[in-house]
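Just the one chain here, the form predicted on its own, laid out as structure tokens.
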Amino acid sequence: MWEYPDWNVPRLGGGMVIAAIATIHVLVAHFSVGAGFLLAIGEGRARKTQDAVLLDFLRLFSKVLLLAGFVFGAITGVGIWFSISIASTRATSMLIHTFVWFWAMEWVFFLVEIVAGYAYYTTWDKVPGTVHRALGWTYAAAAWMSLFLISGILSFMLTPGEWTETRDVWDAFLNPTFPPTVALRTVSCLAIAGLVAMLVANLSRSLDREGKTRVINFSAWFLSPLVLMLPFAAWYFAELPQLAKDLITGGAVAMMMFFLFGIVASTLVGLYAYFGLIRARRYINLETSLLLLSIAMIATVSMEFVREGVRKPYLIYDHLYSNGLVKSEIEKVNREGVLPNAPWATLATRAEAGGGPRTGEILFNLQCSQCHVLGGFNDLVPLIRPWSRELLVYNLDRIHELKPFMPPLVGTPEERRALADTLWELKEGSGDRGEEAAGNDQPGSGS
């Protein structure tokens, strides 16, 4: 069941560490994919029209891709694998074993992407234009194929489809939200690349006002697909499980607000790009380009937050709960207890399975600490402070019914009572001693 040790990060928690690294990685990865198409399309246009200004800018832009995309992308990519493997070990193992050959294909495309990207940057004016453009298109295609494969794996976690019954990898990969996920991510990639290009153009000292305007107007074409964000989001929403739809339409106010913000902000940026930059051919300064890029990045992160949030209470929908428990294991754990099914619990703790002093702490670490960090992010104590002891016990037994985005609390009656006792002591202690006590009383802080 819980065959791996738990990982407690003070104040933040493992989930927030993953979120912080993943946020940077998603933005960098989206830029890297979109930049490939901007370079390939832009070079073709520049050579056809003999636009030396645009060609010189693309040379500079390829250097930005190399420094920002390859360096930060590689570092944060490794960081994601490290953090998810210790914070959500069981889910990571399931994804690796289920999609082993898809991961292999993704790594091949990633290798092609890196080689083509470096070759593209280092061969400016050293190979014929047709060869150089071919390198650009090779990079763009390989980068998009990486996005294509990763989208299938990530969307599987929310909508595994018939995989829960068949265990067929193709049912897993070709899941209901896979096509709209690819569509949404592709639009986002193109927009972020176009906005970064506008920012780089404004920062460039080699471009005059006319040159910057020319580059900005060209880059704006990559923002125009944002007008498709609304129909693509509607397509995505239609394929969601009912509980996920309920969370977006009012079950969780944060989910609803982030979803609406992502759609509205993206659509408005797309409309501004089309009417202001493409049709009116206006110039935007450094501050405006930075503002537009910030809005697009926040909108992208908002949609990623929704994608993660509506999956609750699961990591793999209808199969693996966010606390690492497989749905089919609930009956067994309720019968045998949590501690006998947690190999990393100490022998002394196992001897306390009837409700010893450390049982409640272990129960908290195994079932609650993935989302709730005492004295830190999503602290549990303020949430239970208004409750009486009787209400605390009652709510813990029915927490998955009261809050559908939370997994059910499992364990024997004695173990549940021990967890209730521990939470009650923490609540009482935080009232007397304040924030310091809550931090010192973090269960399992040394594990």
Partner chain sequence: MTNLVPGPDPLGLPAPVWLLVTLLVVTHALHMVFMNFALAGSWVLCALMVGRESEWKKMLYERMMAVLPVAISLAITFGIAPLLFVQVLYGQFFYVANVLLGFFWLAILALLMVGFYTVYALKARRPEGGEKRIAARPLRLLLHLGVASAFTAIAFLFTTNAALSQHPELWPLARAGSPVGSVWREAGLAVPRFLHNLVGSFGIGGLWLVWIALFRGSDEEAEKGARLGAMVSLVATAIQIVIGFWYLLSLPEGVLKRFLTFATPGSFSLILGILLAVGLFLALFFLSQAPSHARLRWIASALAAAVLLLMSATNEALREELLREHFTLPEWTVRTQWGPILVFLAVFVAGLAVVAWLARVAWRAHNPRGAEPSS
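As the structure is a computational prediction, the values presented were derived from the model and not from experiment. Residue numbers count along the first chain shown, from 1.
Quick note: we don't show the form predicted together with its partner chain, though the next part is all about it.
* 4.5 Å heavy atom contact, P231 to its partner chain in the predicted complex -> Looking in the predicted complex, residue contacts with its partner chain do not include P231, since no heavy atom lies within 4.5 Å.
* Asked: Taking 4.5 angstroms as the cut-off for heavy atoms, does W163 touch its partner chain in the predicted complex?
  -> W163: yes, in contact with its partner chain in the predicted complex.
* **Heavy atom of R335 within 4.5 Å of its partner chain in the predicted complex** => No, R335 is distant from the partner.
* Using heavy atoms and a 4.5 Å limit, would one call M94 a contact residue for its partner chain in the predicted complex? -> Yes, M94 lies within 4.5 Å of its partner chain in the predicted complex.
* Asked: Should the three residues W7, I86 and W103 be counted as contacting its partner chain in the predicted complex, with contact defined as a heavy atom within 4.5 Å for each?
  -> Yes: each residue has a heavy atom within 4.5 Å of the partner.
* Asked: Tell me which of 306-314, 120-128, 238-246, 191-199 has residues with heavy atoms within 4.5 angstroms of its partner chain in the predicted complex?
  -> After filtering at 4.5 Å, what remains is 120-128.
* To do: Find the only residue in S289, T159, T267, T98 having a heavy atom within 4.5 Å of its partner chain in the predicted complex.
  => Looking at S289, T159, T267, T98 one by one, just T98 meets the 4.5 Å heavy-atom criterion.
* Selected contact from F275, F82, F377, Y283, since only one has a non-hydrogen atom within 4.5 angstroms of its partner chain in the predicted complex -> Contact with its partner chain in the predicted complex is made by F82 alone.
* Output the sequence-ordered list of residues from 107-126 with at least one heavy atom within 4.5 Å of its partner chain in the predicted complex. => Contacting residues: W107, V108, F109, F110, L111, V112, I114, V115, A116, Y118, A119, T122, T123, K126.
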